[in-house]
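Starting off, we have a lone chain in the form predicted on its own, written out as structure tokens.
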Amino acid sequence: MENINVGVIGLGAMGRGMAASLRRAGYALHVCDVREEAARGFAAEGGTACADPGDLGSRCDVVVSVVVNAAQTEAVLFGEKGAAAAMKPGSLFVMCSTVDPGWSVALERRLAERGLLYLDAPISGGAAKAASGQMTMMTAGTPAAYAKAGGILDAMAAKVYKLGDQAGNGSKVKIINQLLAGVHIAAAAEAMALGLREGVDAEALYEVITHSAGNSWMFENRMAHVLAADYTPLSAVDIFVKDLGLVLDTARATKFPLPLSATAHQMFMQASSAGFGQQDDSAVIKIFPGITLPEAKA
């Protein structure tokens, strides 16, 4: 472990686990979240809670941002009390959100003009893998950025893929992953909905599919939420409204057809419009008519 100060901005489902992994690795850790109580609660077990991104940026050599989207990343960096103005030249900003690849390329240039290093580093794996340090990172950046990161990436992730020597490819690979994730969730919901409509026992269907060729990680994981009637948002419907929108925007720029992605995007849009946007993404099953969903067991 290197004796450097590391900051994590955003203590949601993924960020909290990543911060915990860095703390276990022994880094001098600083945290910040829009919910001040979340930062204070985390720091009570080790680390320093910072008042705002600027406060954190002034204290840290490496800042890891784990917020929802590009707009929130802009606010973290360039908003009132943002980190960019406070970070010392030569410091590193690690961006872990799912964003437009072109935006990430531009961000690298903007930070370089301030003398700051940048890693395009979206993440995957879910909250449990983030908490155990077993998630995947899809990264791209300059050799200097990787050198500054040292062992920090490996402390947070079991798999750190290096996909290029400048920003962009990390975000491109992440949105391709999200294409598959979104389509698989939509297809899993459609399959379970058909089973329910046809009167098949939902738990029996789940058992058979998860031991057959039609299974997918998303079917096995998300349809378990449906069986439990638990739509607590580990990853919300609106995340896939955003992410599949990014997939389609990227493909549209080169007039590349994505028929399955477009259909899945419309399914998540329909679920969001029906009021399920903040529920778990498995709630996309609620758009299907004429079915009775499993109820929570007493």
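Since this is a predicted model, take the numbers as computed values, not measurements. Don't overthink the numbering: it's just position in the shown sequence, from 1.
Although not depicted, the form predicted in complex with a further copy of the same chain is the subject of the following passage.
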message = The chain here is shown without a further copy of the same chain. Which stretch in 86-94, 145-153, 110-118, 164-172 comes within 4.5 angstroms of it in the predicted complex, by heavy atom distance?
response = 164-172
task = Answer yes if any heavy atom of G195 is within 4.5 Å of a heavy atom of a further copy of the same chain in the predicted complex; otherwise answer no.
result = yes
inquiry  = Just checking whether L260 would be counted as a contact of a further copy of the same chain in the predicted complex - the rule being heavy atoms within 4.5 angstroms.
reply    = yes
inquiry  = Residue-level question: is H184 within 4.5 Å of a further copy of the same chain in the predicted complex, judged on heavy atoms?
reply    = yes
message = I'd like to know if W217 sits close to a further copy of the same chain in the predicted complex, meaning any non-hydrogen atom pair within 4.5 angstroms.
response = yes
task = Consider the chain as shown here, without its partner, and state which of A204, A228, A71, A158 has a heavy atom within 4.5 Å of a further copy of the same chain in the predicted complex.
result = A204
inquiry  = If the cut-off is 4.5 angstroms on heavy atoms, which of these, L77, A130, L179, V99, is the one near a further copy of the same chain in the predicted complex?
reply    = L179
ask   = in the predicted complex, which residues of 236-260 put a heavy atom within 4.5 Å of a further copy of the same chain?
value = V247, T250, A251, T254, F256, P257, L258, P259, L260
